[in-house]
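For reference, the chain that follows is the form predicted on its own, supplied as structure tokens.
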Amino acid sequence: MIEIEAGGIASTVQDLGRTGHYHIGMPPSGAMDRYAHTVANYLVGNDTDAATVEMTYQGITATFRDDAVIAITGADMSPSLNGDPIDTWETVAVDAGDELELAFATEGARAYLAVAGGIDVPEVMDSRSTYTLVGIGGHEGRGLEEGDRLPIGDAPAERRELVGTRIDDEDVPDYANEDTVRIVLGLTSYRLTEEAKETLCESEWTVSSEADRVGYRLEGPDLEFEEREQPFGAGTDPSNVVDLGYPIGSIQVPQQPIVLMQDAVTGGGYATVGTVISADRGLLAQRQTHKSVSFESVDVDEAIDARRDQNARLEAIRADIEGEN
């Protein structure tokens, strides 16, 4: 059991998400940075879809009521155990009564706390992920608060043998300097002028203060739309189209871009002119407010290769941790 003493700014329980319900308007939710979430689980011997605690900008303070094996990955929030600093991207032993404290993020925006056995909250629609907009999943469908008690799943005693395990430095993302995310242009990029498409891909954008699990609103140059005759069923704004489904990571352009993230609506009537590829969504989720970000256009084959490469990298990390290499 983990007893929360301070919930941070926006801390929720997340796993890999609530897939298979997009057609009824249910977004997947799930970890915003799947790479960091997955590595944290590997470091404590969990399956990839075990629930972790996702902490945004400021971490939790919590007391463990049982012995545990933990790992913290993602943004650097200077974690400490009973006041002593502990390393991130490394497996750590915790004794009953120990207090874990994380501070404000210095690099990156989101950190992940994995515990051997996983955070054992009830599943809702086959997932433990929190979707706060409708109040389901996670701990009571909301962010963590003082006094919350999170149950931990059963884990074999052998997990303690992982303590001290650390992934190679080359596998730790450099969140401060990874400011380019790859996109595939479409579905309705035809609404932008050719000059506007170049502007989208060649400009430096700034993450605004409106950046959360629903969407990342970016600030930068205005984008020009092609002249048109308003189609039946679409709104009057140049950015309006006839309603369509929104891919996760799609770039909506009600003038300035908004990248739709894990908790976003699944469809609507704004033009979505590109999609951040799945391998890079975690990098965008780690860009802090007021930091810059740029887009690099790739094709679908390159996007699939990038996802395959990331999966292979994760599999190599898992094999190293489990001693298969």
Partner chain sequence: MATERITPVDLPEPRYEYGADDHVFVELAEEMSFTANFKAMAITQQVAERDIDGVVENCPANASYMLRIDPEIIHPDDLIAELKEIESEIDLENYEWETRIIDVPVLFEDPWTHETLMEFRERHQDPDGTDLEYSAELNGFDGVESFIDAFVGAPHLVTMVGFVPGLPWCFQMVPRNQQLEVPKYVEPRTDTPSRAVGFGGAFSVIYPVQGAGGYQLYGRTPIEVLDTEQTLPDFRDSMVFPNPGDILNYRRIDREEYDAIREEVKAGTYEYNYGEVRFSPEEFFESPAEYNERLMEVVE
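All figures in this text were calculated on a predicted structure; none of them were measured in a lab. Residue numbers count along the first chain shown, from 1.
Omitted here: the form predicted in complex with its partner chain. The next part is about that form.
Contact residue in the model of the complex, from 174, 226, 243, 169 (heavy atom within 4.5 Å of its partner chain): Exactly one residue meets the criterion: 243.
Can you pick the one in 256, 266, 48, 288 that has a heavy atom within 4.5 Å of its partner chain in the model of the complex? So the residue touching its partner chain in the model of the complex, by this definition, is 266.
Give a yes/no on whether residue 301 approaches its partner chain to within 4.5 Å in the model of the complex, heavy atoms considered. Yes - in the model of the complex, heavy atoms of residue 301 and its partner chain come within 4.5 Å of each other.
Although its partner chain is absent from this view, report whether residue 313 comes within 4.5 Å of it in the model of the complex, heavy atoms only. Residue-level check for residue 313: no, no contact with its partner chain.
Residue-level contact is defined here as any heavy atom of the residue lying within 4.5 Å of its partner chain in the model of the complex; does residue 131 satisfy this criterion? Although its partner chain is absent here, residue 131 would touch it in the model of the complex, with heavy atoms inside 4.5 Å.
How about residue 188 - does it come within 4.5 Å of its partner chain in the model of the complex, if we only consider non-hydrogen atoms? Residue 188: contacts its partner chain in the model of the complex.
Among 35-43, 49-57, 65-73, 270-278, mark the stretch whose residues have heavy atoms within 4.5 Å of its partner chain in the model of the complex. In short, 270-278.
Even though the chain is shown alone, can you say which residues of 230-258 have a heavy atom within 4.5 Å of its partner chain in the model of the complex? Counting only heavy atoms within 4.5 Å of its partner chain in the model of the complex, the contacting residues of 230-258 are 231, 232, 233, 234, 235, 236, 240, 241, 242, 243, 244, 245, 246, 247, 248.
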